[in-house]
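Single chain ahead, written as structure tokens, the form predicted on its own.
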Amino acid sequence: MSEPMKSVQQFILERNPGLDRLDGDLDLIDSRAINSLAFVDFIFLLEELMGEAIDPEELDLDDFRTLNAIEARFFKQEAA
């Protein structure tokens, strides 16, 4: 797991004390691991980790649905 994804996982686990680990395919929205109150903070975290602003016009809820989707949308593009 990349360092940015470790930070993403830590962010989610810190806000969900009932979770001890996150599977890459866990639906973070349906499970409420990321809720609407934490969503803005989560976007700020992603921007900080990416080093650039995220254009809300280009986002889709499915971009945030799982850890695998987050990594593919926000961090694998950097490596390509």
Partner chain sequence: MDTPWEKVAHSIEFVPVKYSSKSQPESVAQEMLRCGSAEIDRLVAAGLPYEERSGIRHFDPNDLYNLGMYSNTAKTQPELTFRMLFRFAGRPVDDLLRTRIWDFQVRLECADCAGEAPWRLEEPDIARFGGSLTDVTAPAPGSGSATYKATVTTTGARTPVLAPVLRRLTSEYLAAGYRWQMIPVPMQADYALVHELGATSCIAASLLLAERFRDAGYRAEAKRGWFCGVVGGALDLPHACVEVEDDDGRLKTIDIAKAQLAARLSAGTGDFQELCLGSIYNKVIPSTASGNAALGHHDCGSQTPVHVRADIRSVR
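All values reported here derive from a predicted model rather than from experimental measurement. Residue numbers count along the first chain shown, from 1.
In what follows, reference is made to the form predicted in complex with the partner chain, a form of this protein that is not presented.
J.: Please run the contact check for residue 17 against the partner chain in the predicted bound form: heavy atoms, 4.5 angstroms, yes or no?
T.: Taking the distances in the predicted bound form, the answer for residue 17 is no, it never comes within 4.5 Å of the partner chain.
J.: Just to confirm, residue 72 within 4.5 Å of the partner chain in the predicted bound form by heavy atoms?
T.: Residue 72 lies outside the contact set for the partner chain.
J.: Is residue 58 close enough to touch the partner chain in the predicted bound form, meaning at least one heavy atom pair within 4.5 Å?
T.: Judged by the heavy-atom cut-off of 4.5 Å, residue 58 is in contact with the partner chain in the predicted bound form.
J.: So in the predicted bound form, does any heavy atom of residue 25 sit within 4.5 Å of the partner chain?
T.: Flag for residue 25 set to no.
J.: Who in 38-72 is close to the partner chain in the predicted bound form, meaning a heavy atom within 4.5 Å?
T.: Counting only heavy atoms within 4.5 Å of the partner chain in the predicted bound form, the contacting residues of 38-72 are 38, 39, 40, 41, 43, 44, 47, 53, 54, 55, 56, 57, 58, 59, 60, 61, 62, 63.
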